[in-house]
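Included below are structure tokens for two forms of one protein chain, each presented in isolation as structure 1 and structure 2.
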Structure 1
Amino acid sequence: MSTGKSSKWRDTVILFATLTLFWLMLSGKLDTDVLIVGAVASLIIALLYRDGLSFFTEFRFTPQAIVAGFRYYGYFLQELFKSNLKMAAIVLSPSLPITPGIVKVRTRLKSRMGRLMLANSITLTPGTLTVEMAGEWLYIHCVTLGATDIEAATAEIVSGFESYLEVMYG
């Protein structure tokens, strides 16, 4: 069996297992009918999306990547907290100090999952929304537009997430 085929099947099995575990957590039951429905639904989704839907699809299973994963989530939660406070201050301000705009940033990430995680992290952070991904470019809508040139905006928005994702995904 070739490496490409075995890797694809490994990803399919990981996706199936992840979806099944998620189903079990959501259902909260271990009844036979619930297990069968969850397994069948998970299998169908895993087969339809065998090219990758799992967080682990392109994950590098190295000690450095695992440590970077924990640090990434810590950084994400920190940024989430700071952004929530910033957005709350904007909303509560009588003058509503916003300067909305779209900024173009560049990512060094090569893997699809790494770029997807970056785009989702930016979107999940209040005040920013990834509008489009085109190759190495991301177009991000910001409620309060800071830097407008590519290098400064990339450093401000992308660099923190990217440093961890690059170790995790490449």
Structure 2
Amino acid sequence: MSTGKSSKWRDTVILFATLTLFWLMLSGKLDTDVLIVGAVASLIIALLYRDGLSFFTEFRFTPQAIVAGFRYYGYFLQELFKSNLKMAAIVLSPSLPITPGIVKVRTRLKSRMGRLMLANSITLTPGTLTVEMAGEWLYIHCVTLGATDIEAATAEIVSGFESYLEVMYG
């Protein structure tokens, strides 16, 4: 959570690079005029929204973090697939076997982006949904309730994603 001048410039440069990459993917051309328009627009947005969050804000550009990033997305897609199948099974079974509830869990992550990614990952995997965040506490709605005490619920819901995000963002 450094808010020094240099890290702010770093964030601006990273945001600029991310936006330019998006522009290139979207336009699909490498002509000079397209490049100039994209670069100018990205620069203006990057300067205006330098305090905002973007994909690589607070990302630690170390080899470990990049490896953890790839493993995180692998783990995430695997979880997404598994939990979707589980959800499909629930929806298709005639008795609708749900035991919903809202549990409280705690995260070790400190960075804003790390927490955002954690909450998003939990929400994206069906069956769990982040309802409220308050500092290190997250309130998760579960379709099928597992453990209800904080430690056990944290281990069940949070720990899988957290171990990767901790290396990526801290």
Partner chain sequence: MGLLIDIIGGLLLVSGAAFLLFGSLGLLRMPDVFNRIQAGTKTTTLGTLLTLAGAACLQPAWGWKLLLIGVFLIFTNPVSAQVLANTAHRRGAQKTPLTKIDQLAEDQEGKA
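Worth saying up front: this structure is predicted, and the values here are computed from it rather than measured. Structure 1 provides the reference sequence; residues are numbered from 1 along it. C-alpha atoms forming the largest set that superposes within 1.5 Å between two forms make up the rigid core.
By the stated condition, namely the form predicted in complex with the partner chain, the second structure is the one that fits. Once the cores line up, the CA of residue 155 ends up less than 2 angstroms apart between structure 1 and structure 2. Relative to the superposed core, residue 120 undergoes a Cα shift smaller than 2 Å between structure 1 and structure 2. Core-superposed comparison between structure 1 and structure 2: residue 16 shows a Cα shift of 3.5 Å.
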